[in-house]
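The chain below stands alone and is given as structure tokens, in the form predicted on its own.
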């Protein structure tokens, strides 16, 4: 991409233009590869040293004449393949045109205009005067301007063309230097690996940098992907990023939450059905796998799918075929599947709740999405993004958080992850009204009181120490199970104990999921 204005103000180009003005009163212009005049626009008042150019180009008719001349001469030099050419502008001034080539590709031209030939000087002046008066310019102004036009003598021609040629060469040199510089910057960025965004994902923390790097590596892959992470971590955003950075990006992206329907409805939703296959099936219906043909199908919450449905999904992945409800003939599709879950599928396989063959088939590439509590350095970036987004949506001034409010948001463990943070910022933006500052007292109660000593209720401070410790232990495990969506492996790691040890304590305190939900 050429920055023509930058070239015009390049020190060497500016000096060359000054020399051309000083010796021959010649103006230098640029055109792009289509022959369009650059660095000056129609209606733009610009002062030129060459008096005739100053008179003519600053008029509407004159500008159009000059712009047409530049387009024609650029096309001529492009088609001729010559090193340079000399042409006549219709008003009677001469111009020298030099092509600009970058890696053998024509990028535009340099046009030096505003001089006479040494021969028939009076004839050239007479013709120029006639044409300028015909354009409606004042006689006195025309005569005065014509007297400033110089001719290029035979012994000066080589020097003149060498100087104009140098302008074109300097533009090529600068462009090449900029290209090399940009390539180096790009290389350094890759080496540093620090990115603040990847599509709609935001984060500069080490876990997010690792995630970005992995997403880069699988751009060209067709392999099935399993995305695992807590609710609210942005699993669908990652699935979309994978799709829109793959060669399938121009095809459809389909998403389905597997926990949204029972088996019968999910079967029909995924694979379609034939007319009359069940009560209410009044017409044939395409399933989402067929809709997603050629594109990407995102199966969210795949861990909630029954084993009967798991068998059908496995068949699509292995053979690329499926049978709609009520049909007898299989249909073939070309779909890339991305699955996601907040459950520990490996643990489910061990318990016999999830098919082992399907687990290994969808887990070709595994992406583990970090929870927000594990990348707290990204919280300021996310807060800033959500505040900016809210301000744009409401067309208001961007709000700011006071220090104490910021500290509270950073201290909170965010069990709902990025989704919970976004909802909190939206809530604060609304409740703060016309205030530009968001204070700590505006925060949700759970965030305001998080970490306070008084937030742990019912733990005895008298009696036997053993009983008090057991009560505290029970509260910590109970709260941790809820916070981690009953994922014992994560909680065990968080508490610094073995998973087996945690299970024993859960049984000891009667904290199985069913009972805890009643508490």
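Predicted model, so just to flag it, every value in this text is computed and none were measured. Residue numbers count along the first chain shown, from 1.
Omitted here: the form predicted in complex with a small molecule. The next part is about that form.
Exercise: residue 404 in contact with the small molecule in the predicted bound form, heavy atom 4.5 Å: Residue 404: no contact with the small molecule in the predicted bound form.
Contact flag, residue 374 vs the small molecule in the predicted bound form, heavy atom cut 4.5 Å: So residue 374 does not count as contacting the small molecule.
The small molecule contact at residue 273 in the predicted bound form, heavy atom, 4.5 Å: It does not: once the small molecule is placed as it appears in the predicted bound form, residue 273 has no heavy atom within 4.5 Å of it.
Residue 202, heavy atom within 4.5 angstroms of the small molecule in the predicted bound form: Output for residue 202 is yes: heavy atoms within 4.5 Å of the small molecule.
Listed range touching the small molecule, judged in the predicted bound form by heavy atoms within 4.5 Å, from 143-151, 441-449, 344-352, 385-393: The contacting stretch is 385-393.
Within 4.5 Å of the small molecule in the predicted bound form, all of 208, 234 and 237 (non-hydrogen atom): Judged in the predicted bound form, 208, 234 and 237 all sit within 4.5 Å of the small molecule.
Listed residue (167, 418, 77, 409) with a non-hydrogen atom within 4.5 angstroms of the small molecule in the predicted bound form: Contact residue from the list: 418.
Heavy atom within 4.5 Å of the small molecule in the predicted bound form - residue from 301, 424, 290, 267: By the 4.5 Å heavy-atom cutoff, the listed residue in contact is 301.
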